Each structure stands twice: as structure tokens, then as C-alpha cells.
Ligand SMILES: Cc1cc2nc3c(=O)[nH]c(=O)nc-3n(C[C@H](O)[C@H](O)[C@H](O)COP(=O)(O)OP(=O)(O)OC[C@H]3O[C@@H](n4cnc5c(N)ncnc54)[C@H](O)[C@@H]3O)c2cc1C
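Only one chain is shown below, in C-alpha cells, and it's the form predicted alone.
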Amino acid sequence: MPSHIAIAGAGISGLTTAYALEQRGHRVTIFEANDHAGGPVRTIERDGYRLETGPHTLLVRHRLVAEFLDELGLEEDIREANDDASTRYVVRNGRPVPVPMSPPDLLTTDLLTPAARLRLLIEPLIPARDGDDAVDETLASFVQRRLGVEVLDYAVDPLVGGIFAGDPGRLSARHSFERLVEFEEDAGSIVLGAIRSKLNSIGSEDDSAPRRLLSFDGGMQTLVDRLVDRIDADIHFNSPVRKLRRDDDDWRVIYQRGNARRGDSFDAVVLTMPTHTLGTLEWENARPPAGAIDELTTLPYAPCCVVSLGFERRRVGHALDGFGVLVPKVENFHILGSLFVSSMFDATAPDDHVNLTVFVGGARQPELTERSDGDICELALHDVRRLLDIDGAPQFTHLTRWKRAIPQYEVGHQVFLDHIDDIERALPQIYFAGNFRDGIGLPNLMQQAPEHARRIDEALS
């Protein structure tokens, strides 16, 4: 008889884990606090514009993700980013500068001074850090030590703003960019470590897949809708989990439905809800280790506002011939960056119009997200006008607020991971999955779902 497993949360982690568990023959029921699946992954069609409130693209470069999309029958729905979207821009001296995409470009780029380019070339000569490899170093310290302050300011800082909405001065190098740390540990150098890794991969089988940057015909929500359609799980919306009670070998899941509480019994429970909501859970007949849940609720998240702007194409002086532009902290703008949505994907704006997404706030300037809708949109408009040579008013504006957008893997993040491990060891058949432990990008969450299903399956067997 198949096991019956409850999942708290119908985001991408919850949905993909449900799918992987069902592939192994288990029954699944999902409890979602909101009225929709997918968490921040939502697509809105309005006035001829296609807006994404969360992730705008899916980067495929791992075999499991490619196979997953194929299993879901999504290949026909995939729309790869236009070739024009290959260029990335970073602001230097108040203007967007193309990011070098090859070694020859690195020698001539305006993004870095000759001194900074020379510093990059001598990186293999910089001694590796002495002492305990387990020391948790900030990403800023690691990059400045290995590559210099200019690379930190004009390459890593804007990249971190774009990926984590984070601050490299607070993020852990080991937990946010683990491969770079491993290169230094293995070869004493980032450059030499990368070369060694590349040479070792030649002729060997690995889990890589051809790199594809993509969305779908109906936007990113197509992925969510297809997952919901393909899994057999019952999904209870507007049904937050309130209590977990241990009854002999089962877990009783008590959830809210309207003004009433209801309960069902399960063989295992997977918690994919954001860590800050764990403090609302009540426990009965079995409790997590003392302080573990309280500590997890303090895991920092960066707030972010997503501002969608539509303009007549003739009003924009910049060619918009790329993926978007990222803004370093040292350039003193209000925004983290902007995506050129209509350059990446067709049919995302009316004819002769452009669709831009602008990000405000993050760990860099969280206070900006507390401003009024009008103020935030005006900040976004002011900066993109300056950066992209725009005149005139936008034809379209839409704002999405995320008070807790992205978990921050700051120095000391291992403590949170240890608490999760401690809870799973102490409470049989309680499991965790989500961007607080598996990586913040959609590909990371999709890659980890089969592993979560495997370990749950083995424990229940």
C-alpha cells in the first residue's frame, strides 16, 4: 500500500517534490496557505504586456532539469531567449557597459581598468588562504582577496544584486558561490581550479545539459500550471498548516479552512513553507530540538519590489540589445537593475513598444521597499530614464511587492542548515525542502526534488 505524504506549500519546491514522490508510487496531499500554486512564479497578461511577478526565465544546464521539462511535455511550449539577449550590461560611470563574454573581450572592456584586468591575470599567483578551510568568509572578502576590489565592485556586487538581491559584504562565499571556494581549496586559485575542473570533465559523463535560457508560450506560470495538471495530488488552497501532532507512527496535520480547523493523518510531512512562517506551527506529542525552530525563523530574507514599465519604442534611446542591465552599489542608483523583457522574448509587449522590469530594494536598500507605490515607481522610472535614455511617460506600470523575496545565505548560514538536519533526525518522517536549503534558483529546486523523494522513499521503505 503506498505511503500518504503531506506537503506544506505549493511553490515550485512543493510541486516538484510532489511530482517526484508520485513517480515513486506515493500518494501526496498539498496544503497551501495562499489561493494559488507556484509561490512568486506568476504571469500576468494586461494591456498587451506580459508581466512576471517573480522569476522571468529558467536557465537549463543540468540534465535533471532538461529531463524534467521533457517528462512534463513542455518542450513544445518552450520559448528560448532571443539571440539578442546574450549581451549583459553593468553600469560604470553612470552608463551601461557590455559585460565581457570572452577572454579577448576582457582585454578591451571598459568595465574594468587596465590595472583591474592585470589583477585578474595574476590571480593564480595570489597565495591561497592559510588556515582552516571551514572558516566562513564573506563573499566580498573572498573576491577582493582573490580578484581585487574593482572586480568586486563592478562584477560580483551587481551579479549578487541580480541573483540574490543581496549584499556580498554579508553573504557567505562558501554557501552562495561554493564552486569558487572549492576552486581555491582544490587548486589554490580560482582560475587554475576552473581549468582543472574543465580538463577533468573532458571525456567523462556528467550531469550537464546544453545551456538554454528560456520561458514558455504562456510565460513562467506555464511551468506551474503544467505541474498542477500532471500531479495527482489533492491541493488544498487557503489552507495553512497550523499544527503537527505525532500519533503513534503517523503525523496528524491540522490545517485551517475558513474559521474551522481540520485534520488528516499522513506517513510523512514535507515542509516547504518559508522559514519565517515555521514559528506559527504548533507541535504535539513530538517537538523539534529546543530553539531550532525559533532560530530558523530568523533566517534573513531580502525584500524586493518588482516594477514593470511599458514604453513606446521610439521613446527609448538605448538599443535594448541584451538581457538587461545590473547596477553596482558604488554607482549610487536606487535600482538593482532592469531586465529588457521584450528583447528576450517576443509577444511580451504591444507592437512598437518595449517591456522593462525594474528591481528596487534588496538587502542593499531594504528601506526603499517601505515607500508608497507611487514613490517606488517614480524611483524606478527616474533611474531607467537616466540609464536607458528614455523620455516621456510610461504607457504601462505595475508593481509587485515581496516583503521576503529571497533567503540570504549570509555568513553563519551553516547554523540554519544544521538546525534543519537536527530536526529531521529528531522527528521521524519530518522533512524540509525549499530555497532556504536547496539553492535560490528554480533549477536548484527542480534538481533537488528527486533527491528529496529518494531519501523519503528509502526512509518509508
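All of these numbers come straight from a predicted model, not from anything done at the bench. Heads up: residue numbers just count along the shown sequence, starting at 1.
Omitted from view is the form predicted together with the ligand, to which the following refers.
At a distance threshold of 4.5 angstroms between non-hydrogen atoms, Gln408 is out of contact with the ligand in the predicted complex. Mapping the unseen interface onto this chain, Pro450 falls outside it, with no heavy atom inside 4.5 Å of the ligand in the predicted complex. Residue contact with the ligand in the predicted complex: Val60 places no heavy atom within 4.5 Å of it. Among residues of the shown chain, Thr43 is not one whose heavy atoms approach the ligand to within 4.5 Å in the predicted complex.
Candidate site formed by Glu32, Gly39 and Leu442: every one of these residues places a non-hydrogen atom within 4.5 angstroms of the ligand in the predicted complex. Residues with any non-hydrogen atom within 4.5 angstroms of the ligand in the predicted complex fall in just one of 64 to 72, 51 to 59, 418 to 426, 390 to 398: 51 to 59. Scanning Met273, Val354, Leu112, Leu299 against the ligand in the predicted complex with a 4.5 Å heavy atom cut-off leaves one residue, Met273. Of the residues Ala363, Ala349, Val241, Ile190, just one reaches the ligand in the predicted complex with a heavy atom at 4.5 Å or closer; this is Val241.
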